[in-house]
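The chain below stands alone and is given in structure tokens; this is the form predicted on its own.
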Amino acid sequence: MIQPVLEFSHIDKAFFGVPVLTDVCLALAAGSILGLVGENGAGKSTLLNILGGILPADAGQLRIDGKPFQPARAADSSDARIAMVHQELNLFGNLSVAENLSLAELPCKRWAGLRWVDRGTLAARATSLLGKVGFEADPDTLVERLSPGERQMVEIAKALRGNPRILVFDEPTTSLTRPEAERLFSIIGQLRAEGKSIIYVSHNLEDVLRICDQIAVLRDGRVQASGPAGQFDVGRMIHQMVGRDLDGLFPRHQASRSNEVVLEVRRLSQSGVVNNIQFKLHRGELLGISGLMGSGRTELARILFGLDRYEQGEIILHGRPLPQPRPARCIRRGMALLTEDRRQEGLLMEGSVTENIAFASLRRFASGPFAWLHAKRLDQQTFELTRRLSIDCREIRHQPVRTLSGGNQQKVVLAKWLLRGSDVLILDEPTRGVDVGARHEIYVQINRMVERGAGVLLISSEMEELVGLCDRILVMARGEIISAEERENFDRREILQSAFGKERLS
């Protein structure tokens, strides 16, 4: 039997007496890709943190090339030539690409007791690393000026700095367009061909099946199934992840689109951002917006909610104009925005679950000249929402939302707007970085909103999500709406072709 390059042997880990990993046994073969899948909270991040020297295991052992490996700090893993490419990119936007790539060890020159950064060596080192991932960029470019996909390439180049033997990719495609994801897969294939071993963590099960040699499924901190990728399909992975068969990953709502228009946009324009945007959103309708990154989808959502200004056009909410909207005014008029960046814009990370859910609705639970808060009624309704959305937390009144998994955090943001009772909802990438079980629960709640008469505008980078859920799809490219398709006419290829600006697909 060929000796694995990395083994997890009977790993246990608990926090405050609550088991997070139990008897985890996995092996990574040299020159292969192991796909690691599981719901948010299944234990994937904890397992990777043990490998990365961030957390110690309570029991069990890691082995590299058959020899015990016990990293006590991140440097121990680096010394063992293990590199992590995290979902939350560890880059400094105010520094250049070259500086980010050599931050741990800046090349310096010395003269007469003085030291300064050797810019020539810094740029040459950066160019060499970027060449390994096929990314042509000026090393002096500030990282904040790069697109999310370009930043991902810089993060991978940084991981290759120490010529690692083992690479871990943690949700690497969540911020990438499909062409950028394809480029990433090509790089991963190249790394495997060079003999490097890879652990690939993703909620995109189709991608896992496509690029991985072996697959392991975690649920509740235990390995539920593992083996060659050929033994799995999406249905089997979902069943092992959630412990049940989902009744259709994309459940359809039962509402009929009303003639009543809840949101109308007329000739909306902002120079360099969006141009002549026009559409109507009806009560009881789920309207999707497709487009590549940079097409103007998120910018449109921000303008509609009053986060960004616009130069021309008109926004009409419930039949009344909404001139130069502001978030507070939009909320009062019944509009809600679930942003694509829940951590920075959707949540108070240090606040409790209750505080986050109640934040937009406090006035509705206050009365009297001093606006006394009806805490008991508020607690009852927030508790009911956490139960309804299956938000997994220990104590909603005191537990910080930062301690929840990504999927549960997203459900807290959704609960905030459900409590508010908004009937025009703009959902920007509502399932980004969310596991398949939590996705299904979010889809069910979205459908319930539509069935009770809300109009929902769904922005998504996932074609299957849009096609599976929406009544209509608008396609954006270069800040404009290129096409509009009714459900009975949905064609994935035509929608994607429109997203590329009607250029012919290769």
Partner chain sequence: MPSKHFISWLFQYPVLWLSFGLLLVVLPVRPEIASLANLEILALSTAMLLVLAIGQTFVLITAGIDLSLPAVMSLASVVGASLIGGEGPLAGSPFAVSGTLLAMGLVGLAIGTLQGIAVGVFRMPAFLVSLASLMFFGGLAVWYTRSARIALPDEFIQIWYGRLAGIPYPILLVVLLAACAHMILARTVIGRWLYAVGQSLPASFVSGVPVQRTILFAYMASGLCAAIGAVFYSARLHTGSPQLVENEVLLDCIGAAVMGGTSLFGGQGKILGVLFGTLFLALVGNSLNLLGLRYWHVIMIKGGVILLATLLDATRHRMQPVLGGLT
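Here the structure is a predicted model, which is why all the values come from computation and not from measurement. Numbering follows the first chain given and starts at 1.
One more form of this protein exists, namely the form predicted together with the partner chain; it is left out here, but the text below deals with it.
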Residue contact check: residue 432 to the partner chain in the model of the complex, 4.5 Å heavy atom: yes
Heavy atom of residue 346 within 4.5 Å of the partner chain in the model of the complex: yes
Contact flag, residue 76 vs the partner chain in the model of the complex, heavy atom cut 4.5 Å: no
Proximity of residue 255 to the partner chain in the model of the complex, heavy atoms at 4.5 Å: no
Among 322-330, 198-206, 259-267, 118-126, the region lying within 4.5 Å of the partner chain in the model of the complex by heavy atom distance: 322-330
The partner chain in the model of the complex reached by all of 137, 143 and 150, non-hydrogen atom within 4.5 Å: no
Sole residue of 158, 416, 283, 297 within 4.5 Å of the partner chain in the model of the complex, by heavy atom: 416
The single option of 360, 176, 166, 273 touching the partner chain in the model of the complex, heavy atom within 4.5 Å: 360
Direction of C-alpha distance change in the model of the complex, residue 404 to residue 16 (at least 3 Å): closer
Residue 19 and residue 343, C-alpha gap in the model of the complex relative to this structure (3 Å or more): closer
